Every structure is written in C-alpha cells, then in structure tokens.
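One protein chain, two forms: both are listed below as structure tokens, the first as structure 1 and the second as structure 2.
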Structure 1
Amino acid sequence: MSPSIRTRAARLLALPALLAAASLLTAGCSGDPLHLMPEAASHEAHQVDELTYLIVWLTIGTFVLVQAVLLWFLWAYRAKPGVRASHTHGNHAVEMVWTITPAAILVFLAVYQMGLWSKMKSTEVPQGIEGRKVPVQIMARQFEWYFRYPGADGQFATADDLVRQGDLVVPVNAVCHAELRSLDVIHSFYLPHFRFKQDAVPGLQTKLWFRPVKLSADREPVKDRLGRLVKLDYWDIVCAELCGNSHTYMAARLYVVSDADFDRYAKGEAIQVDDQKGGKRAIQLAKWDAGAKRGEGAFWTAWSHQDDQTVKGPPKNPKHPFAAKAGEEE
C-alpha cells in the first residue's frame, strides 16, 4: 500500500471518530433544539432525547461526510483530455475502514444505551428511584384502555378495588408501578411525553414503571388540526401497535396531579379537571363489583381468567368477554 493511500485511509478513519465525539458532546447538552419530540414529562425522557440526538447528529454528519467524499471523487476523477482511465478492483484498506467504522459506531451505541434500556425496561422499580409508589393494573381491549387501583387494603381483586376507563391519574414525582395485560390482540401502551412504550400481549402479564415529573395541568399549549393553540391538562396515552380498524381511536388521558388531589381520587372522590372547551369536568373512580354479570365488574374478571393454566386459548368472542351466555337475555 502506498503512503498516500495509507494517509487517506487514516484520515477517513479519524473523521468518524471525531464525528462521534462531537455528537456525544452535543447530545449531552442539546435538549431538543430541533423540536423533534413532544414535550418531555419524565426524568427518563431527557435521557432518551439525548440518545436520540446523538443518533441524529451521527446520521447527519455521516450523510454530509459521504456526500462530500462523493463530490470530491466526481471532481478528482473526472474525465480529462489525453488521460486514459485506470481500472482498479478496489482497495482493502478503504474497504476495511467503511466496514469497521459503521460496525464500531453501532457497537458504541449499543453499549452506550444499555444502562438506560435496562433501567426503563426493568420489571421492578430500580434501586435509587425514590418517590411514592402507586400500583395500578392496566387492561387493553379493542379499542379502549381500562385502569384498576387497589382499595384501602392495598390488594387487587378485592371488594374495595376502584376502576375507570379512559383516564389514568397518578401523583407528580411518584413512581407508577403498573401491570399490563391485553384482553384480545396485541396492543402497545405508549406514553409519548415519557418516551415509554410497552407491548400488551394476550396471555402475558407485563410489569412496568414510569415516573412523571411535571403536572399535566402545566403542559405547554399544542396546535390542533386547524393550527390553533389549545391548552390541554393531560398527557397522552395511545396505542402504538396496529390493533384493528379503529386503532387510531384507542387513546386515553394521563392526569398527573398533586398528592392531595390523588389522595381524594384514590378514595373514590371526584376531582376537577379542565375540558377542551375551557370549562371543568369531574372524573371519579367507580367501585368494582366482582359479582356483576355485565359491565365493568365482569370485565375485570378476565384479568384473573388469564392466570388459569387450564385455559387453552382466549375467549371465543374476545370483544365481549362478559356477553350473555346462551339462553340469557341480551
């Protein structure tokens, strides 16, 4: 290999290393300068944003570098009068550079994000995470989200459980320790402002946790479909898995409230939240009736039904698990 080729290969190898170092430094202090993300509402969201921007800067830098090299080749090896074209079968040094460099970047990203991934995907709240613990069960069903809180005894599936469909309420700076299940098909519990997503798989009980650090009432205004700024007082809960013909309507609201408001809510009392028309509306938990043949009480019996090892498959009509039996009045 000639000295000139070695020099060029060394320069090409040094550029990605400098680019990675600059990207890492920029990502650590950038926040969300390009406004690619929804407003961050959890401590872990900022760490995910830093990782995202590290990848963004690496991608942009690599694109600029490749295009610059391409333009240089177009100019340096352009057709010249009286100069015959030389034929080459490639250069092993350059091929090693463009093979090893992307592989090294991918390995670096895998190692760099490993701690954050294991922390956010831990089934138990990691050590060092302080704050009030709030247990909740989350059931996904086409095309709705259901939530159940333990009552005063602190145990689920007892007579004092409280339930609600469509609204999840947790106190600020608390750790929500949740159990997630699906009744029918694969859904995905996604909190875009928390940068958290977890699939809900029928027959599987998945434990997860998240930690809000900002009141939902302090959420910044967002634009509606007509471009107008509107003030919302909840964080979004959406399904990130195509789950049927009404998948886009499978949404719920996450209200992050003060400790005092949550204490009242957890006792079954109504709390006031803003509506999109500038007024107020009350939300309140309902008592779970385990013996009910219809509605919310019967619906939650499907939770323990999934723990029955003798069950070979899902209910025959998963959309209506509490539908009337043969001979009963609909």
Structure 2
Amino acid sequence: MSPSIRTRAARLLALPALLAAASLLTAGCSGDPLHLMPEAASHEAHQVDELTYLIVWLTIGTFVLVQAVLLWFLWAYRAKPGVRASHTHGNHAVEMVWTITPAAILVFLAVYQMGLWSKMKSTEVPQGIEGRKVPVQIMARQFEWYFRYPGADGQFATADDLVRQGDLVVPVNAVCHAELRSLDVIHSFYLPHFRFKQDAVPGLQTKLWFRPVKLSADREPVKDRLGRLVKLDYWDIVCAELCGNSHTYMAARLYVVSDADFDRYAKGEAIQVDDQKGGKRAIQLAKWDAGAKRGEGAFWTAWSHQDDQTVKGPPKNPKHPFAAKAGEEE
C-alpha cells in the first residue's frame, strides 16, 4: 500500500476521533437543542439527554462520514472506459485502524453510561439523593393504573391505606420511591418526561424511584395535531407495553405539586387540577377498603391476595389443587 493511501486513510479515521472529542464538549452543555425529546422534568432526565446527545453527535458524525465517503466513491470510481479497477485484497494496517477506533468509542460509551444506569435503575434510592421520601405502590391492570399511599401509619396493606385510579400526585423535589406490580398481564410504567421506564411484570414486585424537579403546572405548552399550543398541568404516564385491545387508552397523569398541596392530598383531602375544558376537577384519594364496597370484588381480592404474599410469605392460590379451601384461613 502506497504512503499516499495510508495518509488518506489516516485522515479518514482521524475524523471520528475528532468527533468524539467535539461531542464530549457539546454534551457538557445540557438541554435538548434539537428538540428531540419531550420536556425534561427530572434531574435524571437531563442526564439521559446529555448521554443521548453524545450518541446523537457521534452517530450523526459517523453517518455523515460514511454516507459521504460512499457517495464520493460512487462518483469517483464509476466505470470509465479504459480504466481498470485496482486489484487489492485488503490491508491489515487500515483494517486495524478501523477496528480499533470504533471499538474504543464503543467501549468508552459502554463504560461512560454505566453509572447513570445503575443510579436510575437502583431498587433503593441511591446514596446522595436527598429529598423527602414519598412511598407509593403502583398497581397495573388492564387498562388502568392504581396508586396507593400508606396512610397515616406509614404501612402498606393496612386499613388506612388510600388509593386512587388514574392520578398520581407527588411533591416537587421529593424522591418518589415506588413499588410496581401487575394483576394480570405485563404493563410498562413509562414517564416520557422523566426518560424513565419499567415494566410491571406479573409476579414481580419491582422497586423504582424517580425525582420530579418541576411542578407539573409549569409544564410548557405542547402542540396538538393542528399546531395549537395546549397547556397541561400534568406529566404523562404511559403504558408502554402491549397489554390488550385497549392498551392505547391505558394512560394516567402525574401531578407534581407543592409540599403543602401534597400534604393535604395525602391526608385524603381533595385538590383541584385543570379539567382541560377550562374548568377545574377535584382529585381525591379513596379509602383502601372502599373498593370492596363499590363492588370491585375480584380486583380488590386479588390485590389483597398479592399483599398477603408479599407480607405473609408463601404463595397461595385458591384455584391450586393443593391450596386450602377458600375461606378456611380468612
């Protein structure tokens, strides 16, 4: 291989390295300059965005480079009368370069993101994350989200628990420490504005945490299909895992409110939120045992049943051939 080829190749491969450096710099300034993601509403969301942008610059750089080289070659080496293609089977030096460069970038990326992953997916609130701790249990079923608070005693699965379907309320800057479960199929608890997602897997009690840093009432207006700006006062909770024929409607709302509002809410008082029709809507927690009174027997029983398993140990299934006859224990 001639020296001119080697320098040309070296020049080609210096570019990704430069790009990597450049992207590291741009990643330093946070935000979402290309408006790729929904508004970020948690500290961790900003960190994910930084990482995303690092990858955006790296991949866009590689993309432009590769496509440009491709087009350049297609133009420069199109068949011309009398010109014969060169006969070469490869070149070890160049191939080493283009093996090692991407390998280095990929290893760097892999190592670089580990910290954020283990922080965000930690089942306990990681050290150094300060803030009021708000415990919540999230129960998913076809096609609703239920949110349960422990009530005055601070214990779940007791009579003073409070519960509400469809609305989750947490105080701003608090650390919401949640336990996620499902009563039927797999669902996925997705907070697009928090860049957070966790499947609700039947049979597992998954612990998760998130930390809202922005009041949902301060959410920036979003565009609807006609380009009109719509003001919303909640962050979206999305079910992101196919869960049946009404999966698409399995939405809930996350209200991030002031500490004072939250305190009232957690005691069972109503708080007012927008109803998106120009008026107000009261949201209020219900007593845990009110479900049975409303005739939601099977659902409430199943939920209590799951509680028993987590609190009292060995699994019981009334339908199981070896199970005690229903009613024998309770």
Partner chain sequence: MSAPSAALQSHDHGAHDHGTAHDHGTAHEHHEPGFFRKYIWSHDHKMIGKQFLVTSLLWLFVGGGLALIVRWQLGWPGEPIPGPLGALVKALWGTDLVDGNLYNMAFTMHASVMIFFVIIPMLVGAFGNFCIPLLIGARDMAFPFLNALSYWFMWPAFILLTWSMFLPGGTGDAPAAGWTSYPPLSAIAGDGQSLWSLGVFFAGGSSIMGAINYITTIVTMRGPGMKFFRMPLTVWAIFITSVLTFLATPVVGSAQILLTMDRLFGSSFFIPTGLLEGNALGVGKHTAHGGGGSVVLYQHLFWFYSHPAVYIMILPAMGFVSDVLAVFSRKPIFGYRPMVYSISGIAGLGFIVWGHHMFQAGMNPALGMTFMLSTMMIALPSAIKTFNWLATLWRGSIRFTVPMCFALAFVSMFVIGGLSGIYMASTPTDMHIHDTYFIVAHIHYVLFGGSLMGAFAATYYWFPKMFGRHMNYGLGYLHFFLSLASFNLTFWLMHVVGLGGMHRRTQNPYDKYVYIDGMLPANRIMTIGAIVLGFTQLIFLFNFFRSMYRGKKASQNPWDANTLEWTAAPTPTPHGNFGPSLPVTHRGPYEYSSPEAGGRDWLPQNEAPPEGAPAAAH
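Numbering runs along the sequence of structure 1, starting at 1. In this text, rigid core is short for the largest set of C-alphas that superpose within 1.5 Å between two forms. Source: prediction; values computed, not measured.
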> Since only one of the two is the form predicted in complex with its partner chain, can you say which one?
Replying inline: 2
>> Quick check on S86: with the core superposed, does its CA move 2 angstroms or more between structures 1 and 2?
In response: yes
> 2 Å or more on the CA of Y77 between structures 1 and 2, with the rigid core superposed, yes or no?
Replying inline: yes
